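The same protein chain appears twice below, in two forms, each given on its own as structure tokens and labelled structure 1 and structure 2.
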Structure 1
């Protein structure tokens, strides 16, 4: 790291934030491209009631980039000068770029879903996609696959939330209950898990019984700790192609890196940091 008076600052805010892998991922990329004298990336633990003041600090301190993680992705939108139309549609901002005092909000989370899927399958156009979950991660995943022409079915424990999400997507998705998985899941080309089942206290659980998964399907788990969830282990055994949640983290980060620096992100370096 080669910090000088000209080095630009990028900051991730969250509550909590100390688990964040973004500083390691971005700083390694700066170093790899030899721009660690131009940019440095740090984390800051911020309570939601202080987001307004943080945005003002970004403006007056000429901070280049502000990354927002849980629970700040909605709150930050209130204080920005411009919001990218995609972020507006998703209803959340995870990336703020400061262009000479004008703060513009973007969402790169949807790219974290779409790029790993396209890397595996090519086009998503016409594919049938099952999404389990209707929270924050589900919202960006749903937008991404619909935008790429897939047919989406949302399964959620609380059906009202699935219906609300489908409504917000302009009714471009169907909704089903978890009990309807048996008939619906085997027909899907792609299965996306956007619930917290498979992590923390639910580490031994899976959101989709393995009987509904078969070869020819792609199974993508947003959960990234553990890297290989029970869902992914069982999907592998059933012959499906799997994608780990760490890929989602990676590609939302590469898109963000490119917005902050204007350079092509060194994907392999950033992936290696996440795996380490």
Structure 2
């Protein structure tokens, strides 16, 4: 790296954030394009009650980009000057760009959902999709598959939260409780996990019992640390096609990279770093 007084800072905040691969991915891309004197990407562990202070720091320190991961994608919206129309529809922001003191929020997570799915199966139009979770990541995944013409069912521990998300998505999704998985999950073409089950203290857990998964289905886990979660391991054994969360991280990251730098992201370089 060739850091100087002119180097622009990009920061990812989360709670937790120690597991984040974003710094490695972005910094490798800067180096590959020869712009590691212009940008540097770091991580910071931030509690949700301190997000307002972080946004203020972005302004006063002229930080170029702020990446938000769990659980900050909703909270950060309260303190921004502008929100991109897609992020507004999703109701969550994972990317904040500082343009001369004006902070604008974007959401690139939906691209991290639809691009890997389309790479795997082509069109999502008419596919039945089960989404587990109703938080910030779920919002983006839901928006993405609905916009591509899929039929969505949201499964959540609290049905009220799932119904609220469905309402915000224009009533274009059905809702179910987790207890209804046994009947509904085997009917789905695609299963998306948008919860944190499978990482951290829940690393040995899975959001979907393996008996509800079968060959012919696609199972996509947003969790990327560990790279192969219990959900993906069991899905492979059941004969399903799996997509690792690292693919979501990659494609939301390439879109984010382009917003921060104004340059085309070196996708192959960023993927290689993530897999290494």
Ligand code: NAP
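What you see is a predicted model, and the numbers here were worked out from it, not measured in a lab. Positions refer to the first chain, counted from 1.
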Study note, to complete from the structure: Taken from the structure described, the form predicted alone is structure 2
Practice item. Going by the rigid parts that rotate relative to each other between the two structures, point to the one of 223, 96, 250, 162 at the hinge. Key: 250
Review point. When the larger rigid part is held fixed by a C-alpha fit, how many degrees does the smaller part turn between the two structures?
Key: 18
